[in-house]
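Take a look at this single chain, the form predicted on its own, given in structure tokens.
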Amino acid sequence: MKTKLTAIGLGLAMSATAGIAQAATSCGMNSGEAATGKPILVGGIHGNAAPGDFSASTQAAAAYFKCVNANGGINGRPIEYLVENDQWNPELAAQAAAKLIDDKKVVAIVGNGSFVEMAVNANFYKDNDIMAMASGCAVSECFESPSIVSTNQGPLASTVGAAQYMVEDQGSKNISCIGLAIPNVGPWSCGAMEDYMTSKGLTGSSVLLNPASPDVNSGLLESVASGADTILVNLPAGLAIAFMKAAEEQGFGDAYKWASSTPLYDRTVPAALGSYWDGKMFINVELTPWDKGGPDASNWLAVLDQYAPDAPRDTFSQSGFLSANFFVKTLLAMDPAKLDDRSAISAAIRGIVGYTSDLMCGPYYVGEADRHMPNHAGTVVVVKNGGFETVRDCYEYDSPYFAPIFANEAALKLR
């Protein structure tokens, strides 16, 4: 059976987040009574320093947990969410995990978003039989570990999805991928794009920037010199905007086709890019777009409006909300007597099969596997009229990388 892809998209119109309208929230038990029992300790780690702020995922998870706690918690018990910032520092990332797991005794990790944290702590999670339901994964270890599963796709899937759209819908023949020279990020994700292009008899190449001192002008000229007809930006949003500004200064907007992985899908990006890029920049979206409707999409915005009004509204925020939502759903289905048992909770998370949401194009699942990437289908938007316009609804990505993932889904009868 093939994975079911829905065309249901995401969210209230962004005007709702500006206070024009505010929907009612739906969280957990929906009792309307605050949870007062013994707290269930849950951890989260994000990176907030150069090369960017990835705290949107933990902020959204925290907002959802606050809403759950205001509505009965987990059978009367509130979730106490303990969040650490690794500052993109491997030593601090290891210390954060040790603090949460060894010292605080959290039962799970939820909503993580960091370039560094997953690479450092993947084996630590495995050794301690703790599951991380992440939301801002970017490194290979995050997707190639038995103890980590994310609602976001990460740069590999999003980059492959962007390339696939450009080939199938825009006629691209030669794509240059702009990434960061972090081995388990840029070469891994841009390399998968190259493999996709090769599998189609086409040409792909990579230009990798030094994350400590990225030179966008040199990277741009190297990409142009590759002979590409399409430039695919696979960078954190701030750096991606700087790259696009350099391209605008060179007058390259109409000389090449342009695409991006998910980080440029942020409500502030169209204004930051300006009218020059109107109709030119195509962005792969890991979750479903903001101008579509759906219960979880609407609830995500309503929860943030009420519990975190200043938090970002972007894909990583959606992912953090969704990870927290799936975690709560799993706890509510467990024996209440086992909610302090880390191993029991880890087993329950691994037992997730076929959760669905209008925020995702396909089912969410975990299972017993050496790698997890349940989210490998997305949509595409184009920057248009100061916002985003959907140009392709949910489609599944086509890449040699996904073969073992599809095999796991077949074993779980999801395919």
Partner chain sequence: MPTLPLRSWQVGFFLAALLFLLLPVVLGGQWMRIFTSTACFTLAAAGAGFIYARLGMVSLTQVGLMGLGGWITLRLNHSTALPFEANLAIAAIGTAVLGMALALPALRMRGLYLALVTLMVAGGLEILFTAYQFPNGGAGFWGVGTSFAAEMRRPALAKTDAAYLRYCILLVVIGFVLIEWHLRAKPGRAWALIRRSEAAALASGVNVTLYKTWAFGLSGLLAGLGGGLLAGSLGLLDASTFRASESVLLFALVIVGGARSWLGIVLAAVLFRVAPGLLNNWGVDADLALVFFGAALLHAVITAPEGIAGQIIGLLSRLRRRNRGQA
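Computed from a predicted structure; not experimentally measured. Positions refer to the first chain, counted from 1. Take the two forms, superpose them, and find the largest set of C-alpha atoms that agree within 1.5 Å; that set is the rigid core.
The form predicted together with its partner chain exists for this protein as well; it is not shown, and the discussion that follows is about that form.
For its partner chain in the predicted complex, the listed stretch (162-170, 297-305, 141-149, 195-203) containing residues with heavy atoms inside 4.5 Å is 141-149.
Contact annotation: of the candidates 174, 75, 87, 343, the single residue with a non-hydrogen atom within 4.5 angstroms of its partner chain in the predicted complex is 87.
The contact with its partner chain in the predicted complex, taken as any heavy atom within 4.5 Å, belongs to 122 out of 328, 334, 311, 122. Contact check for residue 99: a non-hydrogen atom falls within 4.5 Å of its partner chain in the predicted complex.
Remark: residue 279 does not count among the residues lining its partner chain in the predicted complex, judged by a heavy atom distance of 4.5 Å or less. Taking the partner from elsewhere, residue 191 is found to have every heavy atom lying beyond 4.5 Å of its partner chain in the predicted complex. In the predicted complex, at least one heavy atom of residue 49 sits within 4.5 Å of a heavy atom of its partner chain. Candidate site formed by 352, 389 and 394: none of these residues places a non-hydrogen atom within 4.5 angstroms of its partner chain in the predicted complex. Residues of 174-188 placing a heavy atom within 4.5 Å of its partner chain in the predicted complex, in sequence order: 181, 182, 183, 188.
Shown in the overlay between this form and the one not shown, fitted on the rigid core, is a CA shift at residue 311 smaller than 2 Å. Fitting the two forms on the rigid core leaves the C-alpha of residue 122 displaced by under 2 angstroms between this form and the one not shown. The rigid-core alignment places the CA of residue 239 2 Å or more apart between this form and the one not shown.
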